[in-house]
Structure formats: C-alpha cells, structure tokens
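This document opens with one chain alone, in structure tokens, the form predicted on its own.
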Amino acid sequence: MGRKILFVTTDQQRYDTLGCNGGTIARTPVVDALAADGIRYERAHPQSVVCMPSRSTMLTGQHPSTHGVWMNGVPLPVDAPSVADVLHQAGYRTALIGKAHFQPYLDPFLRFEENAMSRDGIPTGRTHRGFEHLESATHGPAGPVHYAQWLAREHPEAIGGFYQVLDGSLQVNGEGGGATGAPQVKVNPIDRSWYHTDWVADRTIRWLDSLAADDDWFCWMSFPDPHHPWDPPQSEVGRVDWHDVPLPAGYPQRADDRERIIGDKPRHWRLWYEGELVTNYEAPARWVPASLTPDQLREVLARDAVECELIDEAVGRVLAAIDRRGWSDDVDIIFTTDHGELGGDFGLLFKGPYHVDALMRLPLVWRPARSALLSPEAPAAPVAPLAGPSVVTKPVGLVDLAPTFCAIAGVDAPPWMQGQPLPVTDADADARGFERVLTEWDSAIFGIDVHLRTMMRDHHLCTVYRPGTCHDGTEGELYDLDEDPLQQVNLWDDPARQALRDDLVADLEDHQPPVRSPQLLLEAPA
C-alpha cells in the first residue's frame, strides 16, 4: 500500500486568513494543525491571479503562457497534459470533487465537455483529464454543475437564497446587501448542510468510502469559497461579528492616502478605483471601489472569515473519514488556493491585474504522510530529510504542485512539467535553486487589454507592463518587501533603484516560459 494524496484547494483565499499565517478573524484549527505537523510556505505564489489560468497550472504543472489558458474564458484543451492522468496510469484511483473550472462556466448550451459531464457523466471506461470520478460545484445554484442539479432536485426552495451574480444583461452584479450594503453580500437562509462547502465534503467522503482499503488514490477536493459573492448560510454568520472586525493593515483609512498610494501605481489602478475602467469580467461592472466604506469592508471580511471556518471544519470531517478507513498515516495532505483576494488592501475588493501580496501571496501547507516522515528510506517526497515541522521562506509556485504529486507517488515527473517538487526546508530550497517565482496576467475584454509579467526574487517584487490599451510598455512596479511589506511605495522610477530594477527586469525576461502557439481563443467571459 503506497501513499495517498488529498489535495485541498479553496478559491480566492488570502494568505492571512489562516491562523498559522497570523490570521486573527477566522478560526482554522484543522489546517493550522496540519501546518504544525508539516511544512508551511511563506512565499507561495500563483502563476496567474485568476481562476482558470491558475487551476490549469495546478493540473498541468505548466505556466499559463505554455498551457495556453491566458485568461478566464479560454478553455483548457481536453487533451492538455494532466498530473491526474500521470497518477491514474501509475495505478492511482483519481477524483475531482468541487470546483474544476478548466473550461468556462458561462455555457448555456453545454459546449464544453466538463459542463456536459454534469448531465451525461464520464463515459464508461474512460477518464476525463485523468479523473475517473468528477462531481462539480461552483459558487451558487446556477450553471451546468452537479451541485446546481442536486440543489434543484433535492432542495429547490433554497435556490433563491443565493446572491445573483449576473444581472439581466449578463454583467457581473455589484448590488449590495447585508447590514451595510456591501457589494456582493446577501443574507442566505440556506440550511448549512445544503451549502456547497458541506456538499463538497459529503461527496468526497462518499467517494473515499467507495474505495478498497488498499487502493492508492489522488483526490482533489476543491471548495468554491471564500470567493465572492459572500453569501454563506445565515445561521453561521453570527460566528464573526462584523462590528468587531479590525480594518486590515493594507487599508489606508484616509481617502487622500488611498488616492496618493494608488496614484503612484500604473494608471489602471486609479481608473478602476474611480469606477472609470473595468479590466476583467469578474469585477462588478457598475461598482465604484472608491465608494467602499469601512463598515462594508468589515462585513465582507467577517463573511469571508465565516466561509473560511466552514471550509476548515469540512476538511476536518474528511480527515476524520480518512482516519476511520485506517489511512491517516499514509496520506499526504496539501492545502492551498488558486489566488488571493484584494480584501480591502488599497481600498479595493475582488481581483484583477494588480500583482501585489493580496492576490499573489497564498496559503500553502503540506503535511507529508506520517509513514514517510518515520521512514528515512521512503523513496518518494519529501526529497530532503524532514526532522520535524518546517517553515519554508523561499519562493515557490503552484507550478510546483504537479511534480510534487509525482514525487509523492514515486513516479518521474514528465518533461512537460515546468516546476519541481516543493522544497521541505529552506536549505533544500537553496540546494535546488528556488530563487524566484513568476506570475503573469493577460486579459482582453470590454475593448481593454492588459499584460503583466511579475517576478518575486530576493525580497523584491518586480512587475513589467507590456504594451496594451492602458499602458505603453514603460510603466512598472517595484517593491522592496522588507522595507515596504504592504507594497505602498512604488520604486519603479526611483533613480537610486534603477540598477536593481534593470537587473530584476533582465532576470524576469530571461526566465519567461515557452509560449503556446497558436494562441488559444477566448470563448466565453468566465
């Protein structure tokens, strides 16, 4: 019997929402305990700060430029390489339960295979991207996913309680609600056990219980929360009183301070803050970020924290089910998210082409199987001795997850994977060259195109803006993360940092990944 893999992802979760990362609002004892027993990463970055490109990176082990999903709405080809396929061919049972989003969800005619499978299932004797079992969910009761069908069939009276994400013109809704009128907040009377967080855990447990005791398995359990809208079960909202939520350190409380900080960044920051420009589909089209009040932000953060707590408890239920099967010592558990959330930093919410820690610094925890920790002869990852709990401060990426899964399974990572197995200590990271991590953004929607290339190296964050409708190719961002951890002082035009900037830019360009050609087409907004 080999090592099994539980891969847990959330959607749009900030680094500082976990207690083990210094979070103080949400209580996350289950994931905190995994970190206390394993490896906690302080500088894990996504290769894209939106869902579809980032999730495609986790599946393929490739950068967005290479796998080709350059923005939301660009479907990942069905024959794209997949770590699940590698593991399945090595004898692993494989499942993805929850949010997949490798193909667009805005798909009323079921053009895309993943959405059609919510109706037709995976054909007998086949897998989909290497997964033999697929049950899909997203943020509410709409769309072509298994959860929506289940809710409509079993609890149709609950459908109207969710926030309506799209308005009548298919634009993203910015309507406010709750106690403060905060954007994309809604009182949701749904029974907690019917909400998608518990549904994902329930379906995961059901699949695990279907396996034989000696099966090796890879299960990707993918929670849709805490991605907006913020409409958790109202019965749980009282866990966190929004009145008591402190404003985050990254939120300048004076409007003139917010405007000064944003004004020193490339021009699309200020244009979005003032409601003059929307650069991506998921940001509400008619919401003006400058209108966000401190109390609205507190209510959003409180509901976000509630969603994080519900996820933590759901993970705990799945771990208890694993323990009942007698597998606890043989399971590697990796917990992360696809990208962050602005969460009030700079006075902003949601996400977009804003390459700062709010969106790029991710929670990442790896608790290796206890059997591997107890056996120094174990052939699979960890790839370096791990004497006890560890904190890795060196930069790593989600692109490193797929080769890590291969290492855990004891199979060679295919040459098409561009990362390498995650380090387990800083010494291990240094020995294997974990020096920099890359993130990219490309978008073209509403007649606006924006293109960013970012590198984190040596405690500096450097972003190059390629030419587009908002930028002429000369703008950029440079932050010293030691001097300015909140990234409020843009050093791009500082003459004293020109040599450093030029060195970082050259290094960034030298390490750009291969680009897929021809470019995949944008086929839906999201």
Partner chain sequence: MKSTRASVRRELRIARPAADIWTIVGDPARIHEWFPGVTACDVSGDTRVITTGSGIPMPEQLLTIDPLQHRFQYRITAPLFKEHLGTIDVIGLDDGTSLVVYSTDADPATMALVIGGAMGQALFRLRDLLEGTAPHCSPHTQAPDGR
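Residue numbers count along the first chain shown, from 1. Note that the structure is a prediction, hence the values are computed from the model and not measured.
Unshown form predicted together with its partner chain; subsequent notes refer to it.
Novice: Does Ala413 reach its partner chain in the predicted complex, with heavy atoms at most 4.5 Å apart?
Specialist: Answer no; every heavy atom of Ala413 is more than 4.5 Å from its partner chain in the predicted complex.
Novice: Although its partner chain is absent from this view, report whether Arg192 comes within 4.5 Å of it in the predicted complex, heavy atoms only.
Specialist: No, no contact at 4.5 Å.
Novice: How about Ser136: is it within 4.5 Å of its partner chain in the predicted complex, going by heavy atoms?
Specialist: Flag for Ser136 set to no.
Novice: Just checking whether Arg260 would be counted as a contact of its partner chain in the predicted complex - the rule being heavy atoms within 4.5 angstroms.
Specialist: Flag for Arg260 set to no.
Novice: Check each of Pro108, Gly238, Gly181, Gly326 and return the one that places a heavy atom within 4.5 angstroms of its partner chain in the predicted complex.
Specialist: Answer to the contact question: Pro108.
Novice: Looking at Ser371, Gln171, Thr127, Gln149 here, can you tell me which has any non-hydrogen atom within 4.5 angstroms of its partner chain in the predicted complex?
Specialist: Answer to the contact question: Gln171.
Novice: Only one of 6 to 14, 498 to 506, 20 to 28, 512 to 520 gets a heavy atom within 4.5 Å of its partner chain in the predicted complex; which is it?
Specialist: After filtering at 4.5 Å, what remains is 512 to 520.
Novice: Using the arrangement in the predicted complex, list in sequence order the residues of 61 to 95 with any heavy atom within 4.5 angstroms of its partner chain.
Specialist: In sequence order, Gln62, Thr66, Pro77, Asp79, Ala80, Pro81 come within 4.5 Å of the partner.
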